[in-house]
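Read the single chain below, which is given as structure tokens and is the form predicted on its own.
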Amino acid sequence: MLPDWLPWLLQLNDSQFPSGAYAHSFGLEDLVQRGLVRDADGLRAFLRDQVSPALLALDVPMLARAHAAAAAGHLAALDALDRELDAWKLAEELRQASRRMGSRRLALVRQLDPAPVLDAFAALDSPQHLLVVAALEMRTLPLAVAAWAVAHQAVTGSVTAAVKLLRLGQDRAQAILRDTLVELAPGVAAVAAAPPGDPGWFNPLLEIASLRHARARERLFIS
């Protein structure tokens, strides 16, 4: 028997779900413009050295904490985690992108899957970061499933942006996506099973790229 949450998970992770992710490169555009990511090999290195470590060291551990708080309906804990995540995002572009995508998803999920906890969280003066909203919308799913969904969305978002920025066909993009997810899967499962008590990830390359991107003369993406 298939789990009853599978259709909802597929809908949330579908590329047609209007979260606004298509408008963001999360710093990749500046790296491409400066020649730091030039081709398929460069994209593989970017995903391996920048995206994957951030997921395992910060995003998945923070999701685990937010998921537990959301499942228990602890809004004060969710609000505190949301503000902590806001502080982790040093570049304003990345911070605002996460807030916009999170608030947009929260508004839509409140329509599609109404619940008092969603309304109560929306009433708070919280940043509404995408990661915290993801924990709320997947609060009834197993943590391992929610963690993998977040990791999948992050990697897919970077690959989708790369297709627009590089000479990279869809076939090669899908091969890179597949390889990255296979390499990432054991780490996501391990962190979800035993999240570190003190998550964190320092990523100056991507943060500097995002700061430079805000002042670029020409831009394809918002961030």
Partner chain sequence: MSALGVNAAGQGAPQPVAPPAGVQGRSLHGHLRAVAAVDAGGRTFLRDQSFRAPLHLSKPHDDAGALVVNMVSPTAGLFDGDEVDVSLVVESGARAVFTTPAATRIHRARGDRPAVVRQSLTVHAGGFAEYFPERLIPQRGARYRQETTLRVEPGGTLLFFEWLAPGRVAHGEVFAFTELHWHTDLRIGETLVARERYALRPEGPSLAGVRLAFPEGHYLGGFIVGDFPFPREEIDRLDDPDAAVGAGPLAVPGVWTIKALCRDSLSARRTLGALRALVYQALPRVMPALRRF
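Residue numbers count along the first chain shown, from 1. Everything numeric in this text was worked out from a predicted model, so none of it was measured.
Keep in mind that the form predicted together with its partner chain is missing from the display, and what follows is about it.
Engineer: Does at least one non-hydrogen atom of L211 fall within 4.5 angstroms of its partner chain in the predicted complex?
Structural biologist: Heavy-atom contact with its partner chain at 4.5 Å: present for L211.
Engineer: Closest heavy atom of Q50 to its partner chain in the predicted complex, within 4.5 Å or not?
Structural biologist: It does: once its partner chain is placed as it appears in the predicted complex, Q50 has a heavy atom within 4.5 Å of it.
Engineer: Is A87 one of the residues lying within 4.5 Å of its partner chain in the predicted complex, judged by heavy atom distances?
Structural biologist: A87 belongs to the contact set for its partner chain.
Engineer: With a 4.5 Å heavy atom cut-off, would you call G200 a contact of its partner chain in the predicted complex?
Structural biologist: The answer is yes: G200 has a heavy atom within 4.5 Å of its partner chain.
Engineer: Want to guess which of 92-100, 135-143, 68-76, 109-117 is within 4.5 Å of its partner chain in the predicted complex, heavy atoms only?
Structural biologist: Selected range: 92-100.
Engineer: Scan A175, L36, V182, A193 and let me know which has any heavy atom within 4.5 Å of its partner chain in the predicted complex.
Structural biologist: Looking at A175, L36, V182, A193 one by one, just L36 meets the 4.5 Å heavy-atom criterion.
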